[in-house]
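Read the single chain below, which is given as structure tokens and is the form predicted on its own.
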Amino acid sequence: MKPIELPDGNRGRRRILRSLVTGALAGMLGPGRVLAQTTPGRTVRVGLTPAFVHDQHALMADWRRYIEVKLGVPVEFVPRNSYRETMDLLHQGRLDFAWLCVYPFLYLKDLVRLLAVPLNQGRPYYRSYLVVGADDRKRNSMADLKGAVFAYSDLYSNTGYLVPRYQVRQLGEDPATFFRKTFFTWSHRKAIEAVAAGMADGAAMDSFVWDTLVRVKPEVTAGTRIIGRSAEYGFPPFVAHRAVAAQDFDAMQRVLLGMSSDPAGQVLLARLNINDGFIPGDRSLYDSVVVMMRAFGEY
């Protein structure tokens, strides 16, 4: 898998843009700013899932280069369009690190280690948003969606699949029969678009993705409205494969945790919409998600 590149059909211009990005980052970071050295002679592979708005190609190219300069070794971002694909790569030992949804993190159990948790508006939490079409004034809760067409974002999504099913269960209903029809869009953004286009009456999605799209692509969310906000859950974590060497784990963790105190890192965090950076986190952040998974016999 090739690293994410700037979206430009002209290779000459792309090389120039990459050189400018590299030069700017090198100038901001300085030659003596490498925080740690990972195992020499290897490429660090980082998986990205739809838990993050990873279709911002220029941003991804800059962030990849930032981590690469800090670590002092090549870094490759490996984006996937479903959680299952990233989970499979972790099972195959083809990823060193990944930014996962909470559900896959818990599902994978001891295959991965918690590396860092982003702070969302200063706190390591996020929610599930329940949305309907912008012009739909009849539906104002999950109960109002009985018999409707519902879009799930991903089979392994906490906010886009587990939470809405659990909410239906809390109503005393069976998620398998509550909706007239359900389908998967395989991303939170596409779930929003499905509701806006009238393909679904409702959907549930990651509040961070929603809030980020409101800021960077407001036209995507304009056709929908939020009718419900769930309880808070621990924010989707950055994880390390259990086979990652201790020095590599420590090096990547220091890079992520150090972004909030580094000028170049602060710029990237603002663009990522996680201005307050990362904390080490604790597995107990996800206890409430475990409760929901157990309700369906999935943990």
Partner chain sequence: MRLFDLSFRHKIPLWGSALIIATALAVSAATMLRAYDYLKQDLVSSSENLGFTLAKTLFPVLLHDDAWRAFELVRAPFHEDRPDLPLEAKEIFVIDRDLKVLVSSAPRIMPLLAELSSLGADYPKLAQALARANLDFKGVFEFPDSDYLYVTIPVAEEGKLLGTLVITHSKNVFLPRFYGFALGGAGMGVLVLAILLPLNWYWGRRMAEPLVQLAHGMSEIVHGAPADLSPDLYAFHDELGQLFAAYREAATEIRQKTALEREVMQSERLAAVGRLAAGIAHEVNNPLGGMLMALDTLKQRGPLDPPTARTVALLERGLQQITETVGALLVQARVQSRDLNRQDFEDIRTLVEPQASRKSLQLAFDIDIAESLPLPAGFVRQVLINLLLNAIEATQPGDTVRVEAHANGDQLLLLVANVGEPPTPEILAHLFEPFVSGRDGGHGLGLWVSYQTVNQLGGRIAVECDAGEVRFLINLPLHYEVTAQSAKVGAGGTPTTLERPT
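Positions refer to the first chain, counted from 1. Predicted model, so just to flag it, every value in this text is computed and none were measured.
Just so it is clear, the following notes concern the form predicted together with the partner chain, a form of the same protein that is not shown.
Though the partner is left out of this view, residue 143 does not reach within 4.5 Å of the partner chain in the model of the complex, counting heavy atoms only. At the 4.5 Å threshold, heavy atoms of residue 167 stay clear of the partner chain in the model of the complex, well away from it. Of the heavy atoms in residue 135, some are within 4.5 Å of the partner chain in the model of the complex. Contact check for residue 186: a heavy atom falls within 4.5 Å of the partner chain in the model of the complex.
Just one of 198, 93, 218, 122 comes within 4.5 Å of the partner chain in the model of the complex, counting any heavy atom, and that one is 198. Put simply, of 127, 190, 139, 80 only one has a heavy atom within 4.5 Å of the partner chain in the model of the complex, and it is 190. Here the chain stands by itself, but in the model of the complex one stretch of 98 to 106, 208 to 216, 190 to 198, 154 to 162, 190 to 198, has heavy atoms within 4.5 Å of the partner chain.
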